[in-house]
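The chain below stands alone and is given in structure tokens; this is the form predicted alone.
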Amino acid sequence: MSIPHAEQLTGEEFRQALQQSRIAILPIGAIEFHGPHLPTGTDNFLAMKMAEEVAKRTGGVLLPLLPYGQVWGLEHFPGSLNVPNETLTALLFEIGVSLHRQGAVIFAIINGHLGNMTAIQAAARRLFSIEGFITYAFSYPGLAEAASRICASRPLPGGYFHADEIETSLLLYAQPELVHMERAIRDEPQLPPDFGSRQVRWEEITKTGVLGDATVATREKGEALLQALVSRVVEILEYGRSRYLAK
């Protein structure tokens, strides 16, 4: 199935594509430090790859990537650009309002950066007030289960994974030319007992930005992980299509 890229369509083509599909897909990521071996745009590349695959399988209209996110924890590391939650929430809300006005019923946000979830959820709650408009927030759904089958690593408490086996494998599949495996390292941080119960700047837990063993990452693992994630998103969207678009 060909992907209708919103930014490549004329205004009328965009309106028709959205009113036919009724599903709008927005990839969102971040610019932040990802250790010595991954680019600052890692979250963007992963969000875009997932969103493209989802759009291909559902026929949803693919919106341009939103490339900036909330990176408070890593904002003191080189290359990190932070957008406050309030700004991100307002932007996502207004995008959703515009999509509803254009004819969208389902707004699927494909998130490549865990730090964005507070803002995404806040925007989704505001958008809930629009009758008949459904917002989905996808942030690597089913990753822990997929990683348990595919990788030696697991996400840290709270679901955190960063520049490790999991994320490096994903980018080896999505954008292999941007991964410097000769610089990959293993760095497994000792988390304080109160990690997850208070706000923590990441320089307190890591000097390298790597939360695990990136040296064992492979493209094959990344492909299997990404396909598992995409399948879960598609499964949920197809449920949403049958429930909210069949009326």
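Numbering starts at 1 and runs along the sequence shown. On a predicted model such as this, the values are computed, not experimentally measured, just so you know.
Same protein, other form: the form predicted in complex with a further copy of the same chain, not shown, and the subject of what follows.
Contact annotation for Glu131: none of its heavy atoms lies within 4.5 Å of a further copy of the same chain in the predicted complex. Though the partner is left out of this view, Glu13 does reach within 4.5 Å of a further copy of the same chain in the predicted complex, counting heavy atoms only. In the predicted complex, a further copy of the same chain stays beyond 4.5 Å of every heavy atom belonging to Ala163. Though the partner is left out of this view, Glu145 does not reach within 4.5 Å of a further copy of the same chain in the predicted complex, counting heavy atoms only.
By the 4.5 Å heavy atom rule, the three marked residues Met48, Arg154 and Leu245 all fail to count as contacting a further copy of the same chain in the predicted complex.
Contacts between stretch 129-154 and a further copy of the same chain, counted in the predicted complex as any heavy atom lying within 4.5 Å, involve Ser129, Ile134, Thr135, Tyr136, Ala137, Phe138, listed in sequence order. An increase of at least 3 Å in the separation of the C-alpha atoms of Ile130 and Ser21 is found in the predicted complex, compared with the displayed form. In the predicted complex, the Cα-Cα separation between Glu131 and Gly96 shrinks by 3 Å or more relative to the displayed conformation.
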